[in-house]
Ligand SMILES: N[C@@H](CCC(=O)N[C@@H](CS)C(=O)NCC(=O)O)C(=O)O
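Listed next as structure tokens is one chain, alone, in the form predicted on its own.
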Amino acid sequence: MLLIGVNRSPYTRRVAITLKAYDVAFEQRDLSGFANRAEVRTSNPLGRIPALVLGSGETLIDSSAIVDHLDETYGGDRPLTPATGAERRAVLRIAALMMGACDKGLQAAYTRNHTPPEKIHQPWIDDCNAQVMNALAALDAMVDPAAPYLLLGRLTQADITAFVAERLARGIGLDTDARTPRLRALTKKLLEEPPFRSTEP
């Protein structure tokens, strides 16, 4: 199994953490959607990461679709996203919120880093960053500091997506220590676990 993408990407890292959590053996090709666009397109015509090449040769794209496959294949009776019911909806709600935060954070970063200075519209960047922090603040309010994980008393995709979103927020200069302290404390605890620690870029 081959994972294509760099772990600086929250989407790629989400998949890498999931693979590690399921103890699935895989190789990783550290390709960037920017620096290695042509090579990435051989696996994903969009030129986006991640892509996961299965042993059969089939290639999966989009982190949510990849994670869904991994849950189905390796999750057994305790998949990282529950299979049905209220528990599934609760995990998916947080995952959607955190992946949306990643989308907005990257839009802000791409605008700042890949737009000519005279064409940068700072109010757009500010609005994207506000959306990121609003999402993280909503999750921060859900964190129980005494609990090891966000939901169900065990690791789920809620934790994995919260982890990658909070890390991205810090990476683009947002102060999660001050503004979302409970979430930041949770991600520090998660970083001590092997699936998170071993995928640190």
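When you see a residue number, it is the position in the sequence shown, counting from 1. Just so it is clear, the structure is predicted and the values come from calculations on it, not from any experiment.
Quick note: we don't show the form predicted in complex with the ligand, though the next part is all about it.
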- prompt: Thinking of the ligand in the predicted bound form, which stretch from 104-112, 127-135, 85-93, 67-75 has heavy atoms inside 4.5 Å of it?
  reply: 104-112
field: Whether Pro148, Phe163 and Leu186 all lie within 4.5 angstroms of the ligand in the predicted bound form by heavy atom
entry: no
message: Quick check on Arg48: any heavy atom within 4.5 Å of the ligand in the predicted bound form?
response: yes
query: Is there a heavy atom of Phe26 no more than 4.5 Å from a heavy atom of the ligand in the predicted bound form?
result: no
message: I'd like to check something about Asp175: if you look in the predicted bound form, is any of its heavy atoms closer than or equal to 4.5 Å to a heavy atom of the ligand?
response: no
Distance check, Arg37 to the ligand in the predicted bound form, heavy atom within 4.5 Å: yes
- prompt: So which residues in 1-35, when you check the ligand in the predicted bound form, have a heavy atom no farther than 4.5 Å from it?
  reply: Ser9, Pro10, Tyr11, Gly33, Phe34
